[in-house]
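As a starting point, one isolated chain is supplied in structure tokens, in the form predicted on its own.
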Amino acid sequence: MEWKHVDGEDRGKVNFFALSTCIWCRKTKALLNRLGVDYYYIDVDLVTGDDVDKVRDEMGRWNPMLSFPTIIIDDDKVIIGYREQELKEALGYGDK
């Protein structure tokens, strides 16, 4: 599995499962970029070979529905879907 890294401010470990064609996933990336957060993501639809099952299994641990985006913060909190305010609060941003 090849996670892509976006450098930014450390707000905890932020990983998210995305689709390259998903508008809500693009909005999530844009929000994280605007906030300047350090995060890792993987475009599940671009994964090939043996990694496909690995990615789906890993994502399924957090979100059995396998819906997008799925954001995991500090291996503890899971946010499913584009929930701007919930994501900001989980990352410690108030009204930003």
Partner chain sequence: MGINKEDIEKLYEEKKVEAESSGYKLNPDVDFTLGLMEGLLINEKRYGYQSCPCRLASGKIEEDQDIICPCDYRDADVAQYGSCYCGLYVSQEIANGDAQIQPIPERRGENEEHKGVDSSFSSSLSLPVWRCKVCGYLCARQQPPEACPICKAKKEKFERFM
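Positions refer to the first chain, counted from 1. Bear in mind that the values here come from a model prediction, so they are computed numbers and not experimental data.
One more form of this protein, predicted in complex with its partner chain, exists but is not displayed; see below.
Among residues of the shown chain, Val44 is one whose heavy atoms approach its partner chain to within 4.5 Å in the predicted bound form.
Interface residue remark: Ile73 is not counted as part of the site for its partner chain in the predicted bound form, having no heavy atom within 4.5 Å. Using a 4.5 angstroms threshold between heavy atoms, Tyr39 stays clear of its partner chain in the predicted bound form. Among heavy atoms of Arg26, some come within 4.5 Å of its partner chain in the predicted bound form. Heavy atoms of no residue among Lys13, Asn33 and Gln85 are located within 4.5 Å of its partner chain in the predicted bound form. Taking its partner chain as it sits in the predicted bound form, the stretch 5-20 comes within 4.5 angstroms of it through a non-hydrogen atom at Leu19, Ser20.
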